[in-house]
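Just the one chain here, the form predicted on its own, laid out as structure tokens.
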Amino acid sequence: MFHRTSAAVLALGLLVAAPGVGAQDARQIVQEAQRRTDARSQQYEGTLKVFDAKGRVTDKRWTFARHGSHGTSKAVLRFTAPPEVKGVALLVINHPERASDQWMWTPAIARERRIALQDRSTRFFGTDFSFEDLEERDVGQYEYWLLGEETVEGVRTWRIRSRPTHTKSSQYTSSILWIRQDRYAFVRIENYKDEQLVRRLVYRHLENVQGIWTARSLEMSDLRRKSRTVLSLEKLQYNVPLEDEDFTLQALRREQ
């Protein structure tokens, strides 16, 4: 999951860059960024603050666990607060060649349902993350163009355009990625539907966690709703012992 901020007019102007220019370099940059986050597993406790268009704030919490290789990993996300969403869980099974499979468990009705492809653009339980935003972006599912370099908050970055391949089902027509040149870490991602900027993800508070440079805070903005969600990662660990059986529909139904 990754995990979208720059001047929209500038970014839209850059979308006309000739296809193929810098494509190989761009792919290599994204591949290296992905390689540097490789881990057998990951888990954290997330605190979310959801700000609506009027500035009202809603607090939520979830736990997140991920197991497996990049592109073929499995993940379970489970709300722990507030009481009205506690126990709601999402199972994500990622695939390198297509969109993920997702199932959501709702304890109030003791039932899981598969998330249809046409529903991936909807908000996930009142947050500004869509269901698609919670799946893993794999480098092989996109085409890339290097648009140039830019300094963001004093740090040099590469600015890269990505576009889903024909095998990748996505609500987004294209994305603009900013990747730090020193750490090969994502700084932000802007997602477009046709020429409209619809979601922006910003990565903040970069820390070295067990040798992996990781953003401890992520802010997702929904530009159409004028709302945003700030996710803070707590008790973050990589390469913890997890088992395949923890990432099944049967495990999804278990109360935590």
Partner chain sequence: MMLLGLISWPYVRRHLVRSLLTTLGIVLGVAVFVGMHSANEAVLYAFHRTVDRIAGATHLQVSAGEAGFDEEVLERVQSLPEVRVAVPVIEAAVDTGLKGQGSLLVLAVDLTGDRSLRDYDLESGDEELIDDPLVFLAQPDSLMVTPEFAERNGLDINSRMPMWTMEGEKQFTIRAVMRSGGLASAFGGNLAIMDVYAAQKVFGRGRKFDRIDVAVTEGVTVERARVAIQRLLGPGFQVGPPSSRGQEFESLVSVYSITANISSAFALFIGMFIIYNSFAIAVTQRRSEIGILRALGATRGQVRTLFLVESGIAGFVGSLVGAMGGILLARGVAGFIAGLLQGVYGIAQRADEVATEPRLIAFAIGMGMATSVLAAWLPARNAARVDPVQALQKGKYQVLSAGENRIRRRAAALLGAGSVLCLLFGRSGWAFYGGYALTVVASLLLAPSLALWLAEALRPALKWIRPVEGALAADSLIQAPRRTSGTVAALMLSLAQVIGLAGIARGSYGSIVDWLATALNPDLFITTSQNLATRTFHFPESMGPELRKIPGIADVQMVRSARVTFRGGPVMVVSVEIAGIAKRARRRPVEGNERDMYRLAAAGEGVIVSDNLAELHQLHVGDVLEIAAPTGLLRLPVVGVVLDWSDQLGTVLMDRSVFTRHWRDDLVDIFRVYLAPGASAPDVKSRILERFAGSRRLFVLTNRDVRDYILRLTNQWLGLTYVQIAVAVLVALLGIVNTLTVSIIDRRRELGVLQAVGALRHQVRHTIWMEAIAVGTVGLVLGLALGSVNLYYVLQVAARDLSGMRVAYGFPVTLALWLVPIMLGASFVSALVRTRRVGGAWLARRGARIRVG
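The structure presented is a predicted model; accordingly, all values stated were derived computationally and were not measured. Residue numbers count along the first chain shown, from 1.
Same protein, other form: the form predicted in complex with the partner chain, not shown, and the subject of what follows.
- Among the residues 208, 31, 69, 58, the one placing a heavy atom within 4.5 Å of the partner chain in the model of the complex is 58.
- Taking 113, 156, 183, 98 one by one, only a single residue has any non-hydrogen atom within 4.5 Å of the partner chain in the model of the complex, and it is 113.
- Between 114-122, 157-165, 142-150, 170-178, the stretch whose residues reach within 4.5 angstroms of the partner chain in the model of the complex through a non-hydrogen atom is 114-122.
- Remark: residue 93 does not count among the residues lining the partner chain in the model of the complex, judged by a heavy atom distance of 4.5 Å or less.
- The closest heavy atom approach of residue 134 to the partner chain in the model of the complex falls outside 4.5 Å.
- The partner chain is not shown here, but in the model of the complex it comes within 4.5 Å of a heavy atom of residue 225.
- Of the residues in 75-94, those that come within 4.5 Å of the partner chain in the model of the complex through at least one heavy atom are, in sequence order, 79, 84, 85, 88.
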